[in-house]
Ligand SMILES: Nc1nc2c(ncn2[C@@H]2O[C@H](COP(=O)(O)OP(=O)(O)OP(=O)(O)O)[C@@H](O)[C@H]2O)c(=O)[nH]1
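In the block that follows, a single chain appears as structure tokens, in the form predicted alone.
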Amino acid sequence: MKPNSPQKKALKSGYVAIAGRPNTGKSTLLNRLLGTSLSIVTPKAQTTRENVLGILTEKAMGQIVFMDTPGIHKAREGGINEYMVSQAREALEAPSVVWYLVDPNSRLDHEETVLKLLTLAKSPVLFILNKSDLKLSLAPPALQLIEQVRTKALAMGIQLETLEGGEPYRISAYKGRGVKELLAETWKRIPEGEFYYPDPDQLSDRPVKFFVAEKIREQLLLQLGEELPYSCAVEITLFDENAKPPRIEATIHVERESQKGMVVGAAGRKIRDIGSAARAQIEKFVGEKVFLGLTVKLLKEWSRDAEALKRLGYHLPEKRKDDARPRHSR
């Protein structure tokens, strides 16, 4: 009679929503976890406009689908900012775990906007202080912020999960410090289940075309002034993968006629610089040379016009009394 073989360990699968204020390092953390530049990262706040799913599959453990959400902030009703906050709200409705990232340089009044949305979460919320490689993360203002956030969360009925003594999980998404330990703690809270995405090499549910547009928008954020990039939207009008090299045509939409010249630049130098840098990032992402053509057009007040937003793929949430939205389910 053969000896009993060791019982195979059950695999796990679940969603983790990465939430926080703008510029807390959510996208940097996702890229660190996946080992690739999936989400675009810039020094400007509100870089992320849509939820980006990043799929981490570990054969011995299971699969975690991370949701990189737009930075949570107070948003005016009816425009692109409302859409961004609605994306974060949707991500918080039914994940297995929520990662709540806080910048040590933040303030309680800023965090209250995030905490208000976190009251929707029915899952464990891990309290994470990012940028712990910076000296200010141990300075009195940061220590005071930690205590204030913890106290405010408790008063709002949010049970933040922390280390012993109420200390948040300290990480540096940029340098990788504490990320493995945070991931190990998260696996403990992920339920058993079948993979959502059977291909272990799949990194996202988004098509390549989406990331191509994001790489272009990343360069707009990096190479244009402080406010102008927020008035720009990128639409891929041609994506011919069969061409040699693959041919990509994209339109950069601006809100006012005067902005067209600012994006194009004197003698077309600015748009050439943007295109050259974007093409390099796209080629790195897809692993081959591409042709990239950029055009700048006026789409008047697109960031506040519901029809224009819909055309660009930004669907504003419907106003419903029950505010019901589809949840992730097996």
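Each residue number is its position in the shown sequence, starting from 1. Keep in mind that this is a model prediction, so the values were computed, not measured.
Although not depicted, the form predicted together with the ligand is the subject of the following passage.
Since the chain is shown here on its own, which stretch among 295-303, 273-281, 52-60, 65-73 would lie within 4.5 Å of the ligand in the model of the complex, judged by heavy atoms? Flagged stretch: 65-73.
Although the partner isn't part of this model, could you tell me whether Ser106 comes within 4.5 Å of the ligand in the model of the complex, counting any heavy atom of the residue? Heavy-atom contact with the ligand at 4.5 Å: absent for Ser106.
At the 4.5 Å heavy atom threshold, is Tyr174 in contact with the ligand in the model of the complex? Flag for Tyr174 set to yes.
Exercise: Thr42 in contact with the ligand in the model of the complex, heavy atom 4.5 Å: Answer yes; at least one heavy atom of Thr42 falls within 4.5 Å of the ligand in the model of the complex.
Do Leu120 and the ligand come within 4.5 Å of each other in the model of the complex, heavy atoms counted? Taking the distances in the model of the complex, the answer for Leu120 is no, it never comes within 4.5 Å of the ligand.
Contact test, all of Arg21, Thr28 and Asn130, partner the ligand in the model of the complex, heavy atom 4.5 Å: Yes: Arg21, Thr28 and Asn130 each sit within 4.5 Å of the ligand in the model of the complex.
Members of 134-151 lying within 4.5 angstroms of the ligand, judged by heavy atom, in the model of the complex: The one in contact is Leu134.
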